[in-house]
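In the form predicted on its own, a lone chain appears below as structure tokens.
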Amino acid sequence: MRRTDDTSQRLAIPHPWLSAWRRLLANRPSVVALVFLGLLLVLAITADMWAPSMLGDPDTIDTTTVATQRLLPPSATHPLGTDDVGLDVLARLIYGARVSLAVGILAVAVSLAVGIVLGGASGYFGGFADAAIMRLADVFLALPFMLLAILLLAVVPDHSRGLGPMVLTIGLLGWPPIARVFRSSVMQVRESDFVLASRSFGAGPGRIMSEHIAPNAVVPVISLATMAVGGAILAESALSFLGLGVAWPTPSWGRMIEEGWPFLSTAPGLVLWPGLAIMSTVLAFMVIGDGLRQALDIRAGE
């Protein structure tokens, strides 16, 4: 009878991740940001199914109608108007979301892979490995991010520019903060009783790290990585504005701002709409990251 009562009590205790999810859903700004990003993702993924027929092709110029279709104001046919070559602004915004979201998520995935490996090794082994990896991180942090990204992308030929070089550049330059946070968390967890017990039973560093330390040390990295997606999107937009992003005519929010800048006084929407898209998307990731930080804080459930 006592065993049954103990089992029922254990079942009544919510899983930590379930409790964190509930706390996140109780955070209204985070819910609004999640809904916004969800809608943006659905629109970007399904764009091929409806955007060309309803709004027009986002990257094919009809030379026979450019003179009559360029710089049109918002209308029922073109809700946000057209750009200087007659392409629908809303269609290019939606397709541009693919580039921004893909670069943001994939670049942070690269940063996570490098940061977790190096930060884990630094925090677990300590000594020379810790000193060498942290000094390398200091070098990356000391260098201006945008300047180094510009130098790396400037050597990529125009015909080779695409998502790959952009993702690798932003991802390989963005690992130091993740490595530092993960290192600090690993150093706290590695002295836990369950880690010491596993080590006493002869478990190797790889097994200890993968089964015991990493699952418990990765929590602080989750919120940081979510916020980093917003930073990667901002970096991609800035690099595209400078002409170092994906090759034209692939839509990109940063390139749309660069293309619309000469028409700022006559058609401000060409700069305003992609600027608002960048700002709202980056803000949404920041809000979700902050919500995750609060939701994953174990003290929040006390």
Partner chain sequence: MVGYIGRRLLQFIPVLLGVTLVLFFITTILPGDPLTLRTGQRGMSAVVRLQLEREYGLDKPWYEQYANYLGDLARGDLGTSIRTGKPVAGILAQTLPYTLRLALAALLVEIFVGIGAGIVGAVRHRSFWDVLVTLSSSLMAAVPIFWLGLLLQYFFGIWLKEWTGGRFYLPVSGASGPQFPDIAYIILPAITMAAVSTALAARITRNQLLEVANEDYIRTARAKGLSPNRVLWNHSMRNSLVPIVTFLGIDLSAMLSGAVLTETVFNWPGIGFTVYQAIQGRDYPVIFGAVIVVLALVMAVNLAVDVSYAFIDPRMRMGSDSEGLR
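Predicted model, so just to flag it, every value in this text is computed and none were measured. Numbering follows the first chain given and starts at 1.
Although it is not shown, the form predicted in complex with its partner chain is what the next lines describe.
Engineer: Give me the residue from Val32, Leu41, Ala47, Leu272 that has a heavy atom within 4.5 Å of its partner chain in the predicted complex.
Structural biologist: It is Leu272.
Engineer: Let me know the one among Leu234, Ala26, Ile61, Ala247 whose heavy atoms come within 4.5 Å of its partner chain in the predicted complex, would you?
Structural biologist: That would be Leu234.
Engineer: Would all three of Val156, Leu242 and Leu264 be in contact with its partner chain in the predicted complex, where contact means some heavy atom lies within 4.5 Å?
Structural biologist: The answer is yes; Val156, Leu242 and Leu264 each reach its partner chain.
Engineer: So in the predicted complex, does Ile257 come within 4.5 Å of its partner chain, heavy atom to heavy atom?
Structural biologist: Flag for Ile257 set to yes.
Engineer: Does any part of Ala20 reach within 4.5 Å of its partner chain in the predicted complex? Heavy atoms only, please.
Structural biologist: No, Ala20 stays farther than 4.5 Å from its partner chain in the predicted complex.
Engineer: Does at least one non-hydrogen atom of Pro144 fall within 4.5 angstroms of its partner chain in the predicted complex?
Structural biologist: Flag for Pro144 set to yes.
Engineer: Does Ala197 make contact with its partner chain in the predicted complex, using a 4.5 Å heavy atom cut-off?
Structural biologist: The answer is no: Ala197 has no heavy atom within 4.5 Å of its partner chain.
Engineer: Only one of these stretches, 92-100, 182-190, 79-87, 145-153, has heavy atoms within 4.5 Å of its partner chain in the predicted complex; which one is it?
Structural biologist: Of the options, only 145-153 has residues within 4.5 Å of the partner.
Engineer: Since the partner is left out here, which residues of 272-296 would have a heavy atom within 4.5 Å of its partner chain in the predicted complex?
Structural biologist: Leu272, Gly275, Leu276, Ile278, Met279, Val282, Leu283, Met286, in sequence order.
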